[in-house]
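Encoded as structure tokens, the following chain is the form predicted on its own, with no partner shown.
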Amino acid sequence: MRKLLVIALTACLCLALAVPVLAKYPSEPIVYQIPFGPGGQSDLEARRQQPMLENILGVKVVVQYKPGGGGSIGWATLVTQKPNGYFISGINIPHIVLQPLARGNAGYKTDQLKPIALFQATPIGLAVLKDSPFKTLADLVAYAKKNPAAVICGGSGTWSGHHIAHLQLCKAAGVKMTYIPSKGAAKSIAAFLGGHVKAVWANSNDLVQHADKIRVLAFGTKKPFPNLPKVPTFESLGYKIYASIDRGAAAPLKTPDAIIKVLQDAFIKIASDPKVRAQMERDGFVPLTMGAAETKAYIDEKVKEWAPVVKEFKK
């Protein structure tokens, strides 16, 4: 009987301690860090979410930029913040997996980021300008074989989804092409449209947005991308390259689960909104609604998947 009483009192105490956390959070502005420059996919989605997050959470949400290192500077900043739910950050997969694996010291470790949710994806494609002599991927590969390193490809970040897709194509096609990273997708696209690179690795919404000015040679999807259904997949052209950027949010590692739950529910509610989903799909995004636990399991699987790939390309 005494043992039952102790258990009951302990449960009541835990409940009493948990309730104030939920009752008080959030009670002040939340900083929502974007580890890239303005104008890219992470920024566009954060700006879409910002007023909706403020309405759901009842506090001001401040979007703050921390570009550099393909996102690594921002994620290195995130892991130093207090785990109280008032500083969160956008995350990109596979960036948060590839960078610690490839660099050793990326300023953060993948397991130091506590996932909140994944809410969006953009398949990656390789594109050239409409007036490019490369009409097909075969044309580009043939030129690259005859002119090693002459094909300059732009992309966002080093050891990012763009970078690894570039390395995979070079290996699979037996060619050498030059990869030039930019600090974010917006700058990468600007350099490409300005004619500073011959091709660009880009996210699906950028490719959809500029479809009238460019020619997409291939997409890293299993099936044709709905917004540009005539573009072949790499797989259909003989290259087993599957490339996409998954976006979400994370908090410092020791952030309490009760706070993560509040944030997770807010992000999932927004990502589940029919109007938001329709906007995403129209603009070339793929909506996701993965909660904290599912996102954590997904990241763990990606670590296992990408570890041997990074080891191969670091040789």
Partner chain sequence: MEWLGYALTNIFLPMNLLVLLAGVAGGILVGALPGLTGTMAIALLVPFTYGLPPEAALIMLGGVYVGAMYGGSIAAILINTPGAPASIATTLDGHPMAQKGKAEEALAISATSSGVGGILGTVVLLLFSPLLATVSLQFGPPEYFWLGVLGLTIIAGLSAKSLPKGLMGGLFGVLISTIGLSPSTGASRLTFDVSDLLGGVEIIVALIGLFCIPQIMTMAETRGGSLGMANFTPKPGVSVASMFLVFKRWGNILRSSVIGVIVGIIPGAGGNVAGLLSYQEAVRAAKDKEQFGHGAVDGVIASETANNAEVEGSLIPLLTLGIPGAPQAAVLFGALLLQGLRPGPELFRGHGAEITYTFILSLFLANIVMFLMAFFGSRIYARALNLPQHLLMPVVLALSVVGSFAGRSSSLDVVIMLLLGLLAYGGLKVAMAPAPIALGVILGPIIERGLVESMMLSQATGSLLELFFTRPISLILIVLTVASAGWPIYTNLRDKRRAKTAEAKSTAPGARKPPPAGARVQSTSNLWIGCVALVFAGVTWWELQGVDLQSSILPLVCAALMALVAVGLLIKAWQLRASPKVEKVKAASLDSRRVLLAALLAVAYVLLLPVIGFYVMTFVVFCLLALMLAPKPAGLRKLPVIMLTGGLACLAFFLVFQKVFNVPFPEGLMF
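Take the two forms, find the largest set of C-alpha atoms that superpose within 1.5 Å, and that set is the rigid core. Numbering follows the first chain given and starts at 1. Predicted model only: the values in this text are computed from it and were never measured.
Not on display, but discussed next: the form predicted in complex with the partner chain.
- The partner is not drawn, yet in the predicted bound form one stretch among 149 to 157, 120 to 128, 166 to 174, 237 to 245 has residues with heavy atoms inside 4.5 Å of the partner chain: 149 to 157.
- For His196, a non-hydrogen atom is located within 4.5 Å of the partner chain in the predicted bound form, even though that partner is not displayed.
- Shown alone here, Lys230 lies farther than 4.5 Å from the partner chain in the predicted bound form, counting heavy atoms only.
- Although the partner is absent from this view, Ser182 contacts the partner chain in the predicted bound form, with a non-hydrogen atom inside 4.5 angstroms.
- Contact between Ala186 and the partner chain in the predicted bound form is found at the 4.5 Å heavy atom cutoff.
- The contact with the partner chain in the predicted bound form, taken as any heavy atom within 4.5 Å, belongs to Leu44 out of Ile260, Leu44, Ala266, Leu288.
- Heavy atoms closer than or equal to 4.5 Å to the partner chain in the predicted bound form belong, across 118 to 133, to no residue whatsoever.
- With the core superposed, Pro100 shows a C-alpha displacement below 2 Å between this form and the one not shown.
- After superposition on the rigid core, the Cα atom of Val208 is displaced by 2 Å or more between this form and the one not shown.
- With the core held fixed between this form and the one not shown, Val197 has its Cα displaced by at least 2 Å.
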